[in-house]
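Read the single chain below, which is given as structure tokens and is the form predicted on its own.
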Amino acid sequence: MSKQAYIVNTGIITAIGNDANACLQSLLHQKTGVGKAEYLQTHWSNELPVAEVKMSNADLAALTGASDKWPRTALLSAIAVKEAWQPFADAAKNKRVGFFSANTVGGMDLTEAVYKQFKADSESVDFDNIRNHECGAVTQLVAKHFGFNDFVTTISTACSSSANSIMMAAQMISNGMLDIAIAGGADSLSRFTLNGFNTLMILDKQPCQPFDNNRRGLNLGEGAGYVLLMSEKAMKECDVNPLAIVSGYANANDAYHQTASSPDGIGNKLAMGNALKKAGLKTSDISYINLHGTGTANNDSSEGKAIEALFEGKVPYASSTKAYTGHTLGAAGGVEAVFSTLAIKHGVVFPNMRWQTQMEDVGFKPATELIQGVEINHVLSNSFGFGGNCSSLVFSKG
């Protein structure tokens, strides 16, 4: 018999804060993390703003006790996992614990550091420095560091990666396969990613403006976000109350284009609609939509049209938080799962920063002012990625 997966804790690090409370304060005070790159060594540092965690790899390693030789993605992951997991590590002994971690960059930052040397003289390269290049290697480093070994997996489905890791974790808990799961993801900035998105001509040379008619593109960001899930039995045995429930989830693919959503948001609508069905909810039950909202012309238009069609014009509070954190790619679903949980816990809708002009092809306006003291019972959180990977999650009050 299927059971609920309860969120009992969260862990996060982004450009706006090194833990959940710091991120919450930045969201409440509309403090952005978008600015000039300091640690990412790139030709574009003066032209392309990013949302960078302002710590070196050595600084990040010091927060977790991990090696500063780890890829930056693994270090970010470990910090967020530590926040979510550490308070329950002792209570969770003798329970089946799963680790579901997403990323898209892997250890690219360390590979880039030796690329020129490799081209000049491949035999001179110390390959120990790039042994953790693969996405799965990042997950394994963190899993070993915290002693997760009951079930460990890596998901890499572009920008929906973390959402899919949470979805899979919730399914396994609901079906009695695990007692506890840490689910989400991480990604660091890299030159490869920045250059790739720049080649696609979807990066904004200014701080991004999601869901604004004059939006120009996205800002890349880095970070990690995880939720700690428990079954009802494990939650009672650990003597903890839930923050929220992963009540609905769905994945869909419109197979329209390698990097673009279908103009009418077919896959987006299907993912959202099926997530609501899974949760047993009507559109009128949703209190707040955490928009995928990257700031690109195609994404915001297709997502907006899909929302209008599904909600039949009666759109609840909605906003994108990517103007704060940048688009953290494989971490985005995990980061925004944490933000969704904070919205439920504190009764708040985070403002869609830098919105100025109504979109011509989408009729609703995102929330542009901080809204506090409201009852947030159900949050719909969207993560729509390249390759048509569309995922939606529903978080409900516990």
Partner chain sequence: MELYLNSTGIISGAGNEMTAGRLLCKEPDYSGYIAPMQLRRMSKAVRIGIGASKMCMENAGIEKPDAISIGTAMGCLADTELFLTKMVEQNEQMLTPTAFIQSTHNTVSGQIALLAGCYGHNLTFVQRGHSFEHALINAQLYLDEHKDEKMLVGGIDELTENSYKAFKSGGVYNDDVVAGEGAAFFIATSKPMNDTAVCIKDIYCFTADNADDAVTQVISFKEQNNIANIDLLLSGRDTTTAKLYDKVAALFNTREETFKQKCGEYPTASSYALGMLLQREEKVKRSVVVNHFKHYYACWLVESI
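Numbering follows the first chain given and starts at 1. On a predicted model such as this, the values are computed, not experimentally measured, just so you know.
A second form of this protein, the form predicted together with the partner chain, is not displayed here; the remarks below concern that form.
Residues 39, 70 and 353 are none of them found to lie within 4.5 Å of the partner chain in the predicted bound form, as judged by heavy atom distances. The closest heavy atom approach of residue 43 to the partner chain in the predicted bound form falls within 4.5 Å. Contact check for residue 254: a non-hydrogen atom falls within 4.5 Å of the partner chain in the predicted bound form. Mapping the unseen interface onto this chain, residue 116 counts among the residues with a heavy atom inside 4.5 Å of the partner chain in the predicted bound form.
For the chain shown alone, residue 146 is not a contact residue for the partner chain in the predicted bound form, no non-hydrogen atom being within 4.5 angstroms. Contact with the partner chain in the predicted bound form, judged as any non-hydrogen atom within 4.5 angstroms, is confined among 90 to 98, 152 to 160, 203 to 211, 291 to 299 to 152 to 160. For the options 134, 308, 237, 285, the one in contact with the partner chain in the predicted bound form, meaning a heavy atom within 4.5 Å, is 134. Contact with the partner chain in the predicted bound form, defined as a heavy atom within 4.5 Å, holds for exactly one of 266, 318, 245, 279, namely 266. The partner is not shown here, but in the predicted bound form the stretch 156 to 181 reaches within 4.5 angstroms of the partner chain through a heavy atom at 156, 157, 158, 164, 167, 168, 171, 172, 175, 177.
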